[in-house]
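Only one chain is included here, represented as structure tokens and corresponding to the form predicted alone.
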């Protein structure tokens, strides 16, 4: 075992230890804590980049390090870095809890990094729980009205129930196959799905995975948690945790495809319902974060389009879209945190006059929103084009047609945001941005446009990652 194979996880464990000692201070030092956490996350991003080419199997083949897992670890490191970049001002979290906020973000990242490398049932379950417990603590950290407590309780309740279902299902799968290794289980998949205990076990186990991705019918927690959590916490849930869930889903799908078992029909059904339900309900939302929550449900449906093809191009398209979603969704949430700097919930109507208050923020908002809607030449348009093309090549014409109709539907509520920001006047003071925040805005805008017109480098990396696990 080379230390570098586990290098990213070891680094973040050390980072979590440093942050743990910061929580032991009697007198909180919020500014210093943020500088330390942000600096450590920047170094972590560099460590993840250096470990990108590591390969190997650890812990009795229960933990696989390959290009696929390392790409997602890099994405998670990027997600943590970006969230900490907008966490200098945490008005909705008590100052004495800032160190805990950084600590649990880090432990959640460690759990998700372990999740993307796990190829054994108990390792998957422990990794999933490690990331979930951290989020259970982070969501109710928001102070103010009771909506934070309600969101925390709902998230904990739904998470606990899905965890119980998942553990119950895993025990059934183990009972039917006498193994906890995914490779052994998938080799016996045909006989597993032929037995009632196997089918029940699979359905219950998948419930836990779909909960993280907020796919129908496991999406009920998303709107309330998005609205009730602190902006920075929700940003992390809406970006990094989605990438981890996509990684796990792709790894399971690839293993199933190797042994001739396709759960394609289930994924087609879930994809259609998630896209349609998410977009239709988002239309009537007035709260900005609730609209983004239903939007995330719809985008989970888009990602499934690539996964269900079970081909290199389709799976690579899903990876590309997951990375693109991290960037474009973060851009929108970054604007949200800057407009609502006091931590309040933001209605879509409150974006009125943003163009006059901050032309740079309004430019970031329109690029992020258009990318989510799939308007060219953004990274979101290219991602959807890859997904739909790969599905068409596999004969899923009706699914692509439904996806295209849903993309058109989503334009309505996304354009409401643009209309409020650009065409509605409001006499509000201008928003002042710090130099680092201005630089971050420019960097995100450039990323959305550049990888929209020149996606080859990311797509080739995604293809290489899929080939590593096929």
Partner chain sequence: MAEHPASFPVLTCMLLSPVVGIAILLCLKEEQRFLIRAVALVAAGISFALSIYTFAGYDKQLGGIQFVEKYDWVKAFGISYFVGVEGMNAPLLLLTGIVIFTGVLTMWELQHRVKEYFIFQLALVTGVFGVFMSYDLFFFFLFYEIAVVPMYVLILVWGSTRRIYAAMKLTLYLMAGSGLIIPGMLLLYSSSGLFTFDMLKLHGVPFSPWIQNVAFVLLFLGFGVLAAVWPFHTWSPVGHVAAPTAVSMLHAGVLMKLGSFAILRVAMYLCPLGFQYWAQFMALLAAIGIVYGVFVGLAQTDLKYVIGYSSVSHMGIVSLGLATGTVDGLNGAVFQMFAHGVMTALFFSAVGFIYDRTHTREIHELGGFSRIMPVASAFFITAALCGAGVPGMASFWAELLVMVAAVKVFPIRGLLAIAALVVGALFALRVVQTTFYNEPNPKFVHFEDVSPFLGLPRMILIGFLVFFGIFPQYMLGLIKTSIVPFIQGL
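Residue numbers count along the first chain shown, from 1. Fair warning: this is a prediction, and the values are worked out from it, not measured in the lab.
Unshown form predicted together with its partner chain; subsequent notes refer to it.
Examine residue 397 and determine whether its closest non-hydrogen atom to its partner chain in the model of the complex is within 4.5 angstroms.
Flag for residue 397 set to yes.
Using a 4.5 Å heavy atom cut-off, state whether residue 412 contacts its partner chain in the model of the complex.
Yes, residue 412 sits close enough to its partner chain in the model of the complex that at least one of its heavy atoms falls within 4.5 Å.
So, in the model of the complex, is residue 370 in contact with its partner chain at a 4.5 angstroms heavy atom limit?
Judged by the heavy-atom cut-off of 4.5 Å, residue 370 is in contact with its partner chain in the model of the complex.
Can you tell me if residue 375 lies within 4.5 angstroms of its partner chain in the model of the complex, counting non-hydrogen atoms only?
Residue-level check for residue 375: yes, a contact with its partner chain.
Could you tell me if all three of 163, 167 and 251 have a heavy atom no more than 4.5 Å from its partner chain in the model of the complex?
No, the whole trio is out of contact, none within 4.5 Å by any heavy atom.
State the residue from 408, 39, 55, 432 whose non-hydrogen atoms include one within 4.5 Å of its partner chain in the model of the complex.
None of the other options qualify; the answer is 408.
Let me know the one among 276, 123, 227, 313 whose heavy atoms come within 4.5 Å of its partner chain in the model of the complex, would you?
The residue from 276, 123, 227, 313 that makes the contact is 313.
Counting only non-hydrogen atoms, choose the one of 292 to 300, 105 to 113, 384 to 392, 67 to 75 that falls within 4.5 Å of its partner chain in the model of the complex.
One stretch meets the cut-off, namely 384 to 392.
Between 435 to 470 and its partner chain in the model of the complex, list the residues on our side with a heavy atom within 4.5 Å.
The stretch 435 to 470, when checked against its partner chain in the model of the complex, contributes 453, 454, 455, 456, 459, 460, 463 at the 4.5 Å heavy-atom cut-off.
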